[in-house]
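Consider the single chain below, provided in structure tokens and representing the form predicted alone.
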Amino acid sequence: MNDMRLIDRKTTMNEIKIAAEGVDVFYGESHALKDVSVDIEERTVTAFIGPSGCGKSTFLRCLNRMNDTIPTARVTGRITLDGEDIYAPSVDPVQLRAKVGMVFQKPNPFPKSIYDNVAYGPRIHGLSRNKAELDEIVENSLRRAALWDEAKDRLAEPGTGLSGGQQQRLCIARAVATAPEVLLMDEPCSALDPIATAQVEELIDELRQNFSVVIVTHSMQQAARVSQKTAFFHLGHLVEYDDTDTIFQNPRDTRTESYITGRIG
């Protein structure tokens, strides 16, 4: 059955990083996500697109158990990371979120220095043995986020003093500092100007050399530019999941075509 599913979805030979099977999400009585199954590949950018309120951000938050923080939320089905059930009782959500980092819609740097923003995760997870190792993690993370040259002389200054685009890249640096395997991004460019958006998109393309990246975006143009795989959500259902080129040029479902061409939204 698994082989059939992989063939049907035209999954390439890339390793599967996250597998979701029959996932439903309820917020109290509201059935927000219905029977979602999808395989997310290693070192690939996967875009979730669809109208507002269709379930794409809800599903994204399932992938690092952020829905656990909502008292009325209930998640059923199975989600695995490298074959391990992330909802198993033995899994610590805090440790999971070190492996599956998240960048939110609005830049949200801590009210701390640039250095301490990036060092926060490695400190609480014990990823460095001394100041020199921590310095190296901070520098490498800022370099990965294309922020080192702009921030290296300002490490003691507040992260909140950076521009919006720099703050978002700082949040990306903070997310990658814990050496995650997956990076989730929930509309990371929606609060940014076009220049900052272009910088973050370029960064996303670089990050997939080391991470699996999953991005929720309201911009179909952005999905087409940055992703290799695209999932289209509508009214709580995963309607279609395929190579990005196929979704945009030759979708199988009429709902996908209607959304891409602007007839629904």
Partner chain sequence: MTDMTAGAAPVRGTLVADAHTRKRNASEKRFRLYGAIAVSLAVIALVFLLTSIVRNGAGAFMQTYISLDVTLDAAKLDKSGNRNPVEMAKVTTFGYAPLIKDAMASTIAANGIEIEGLDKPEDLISKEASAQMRDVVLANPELVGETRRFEFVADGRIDGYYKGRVTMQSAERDSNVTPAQLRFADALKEAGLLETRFNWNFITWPDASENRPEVSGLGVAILGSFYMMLIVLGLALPIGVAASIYLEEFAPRNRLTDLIEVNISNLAAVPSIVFGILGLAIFINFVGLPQSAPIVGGLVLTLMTLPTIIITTRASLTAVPPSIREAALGVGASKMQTVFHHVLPLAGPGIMTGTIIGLAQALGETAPLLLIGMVAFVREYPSAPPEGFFEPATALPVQVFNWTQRADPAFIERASGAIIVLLVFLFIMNAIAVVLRRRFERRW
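Numbering follows the first chain given and starts at 1. Since the model is a prediction, treat every value here as computed from it, not as a measurement.
Although it is not shown, the form predicted in complex with the partner chain is what the next lines describe.
Although the partner is absent here, Val91 is not a contact residue: none of its heavy atoms lies within 4.5 angstroms of the partner chain in the predicted bound form. Although the partner is absent here, Arg144 sits far enough away that none of its heavy atoms falls within 4.5 Å of the partner chain in the predicted bound form.
Interface residue remark: Ala98 is counted as part of the site for the partner chain in the predicted bound form, having a heavy atom within 4.5 Å.
In the predicted bound form, the partner chain stays beyond 4.5 Å of every heavy atom belonging to Lys152.
Residues of just one listed stretch (188-196, 131-139, 78-86, 170-178) have heavy atoms within 4.5 Å of the partner chain in the predicted bound form: 170-178. Every residue of the trio Met102, Asn108 and Ile124 has some heavy atom no more than 4.5 Å from the partner chain in the predicted bound form. Screening His237, Arg225, Arg61, Arg43 for any heavy atom within 4.5 Å of the partner chain in the predicted bound form leaves a single hit, Arg61. Taking Gln221, Ser52, Gln209, Thr69 one by one, only a single residue has any non-hydrogen atom within 4.5 Å of the partner chain in the predicted bound form, and it is Thr69.
In the predicted bound form, Thr160 is the single residue of 143-161 with at least one heavy atom within 4.5 Å of the partner chain.
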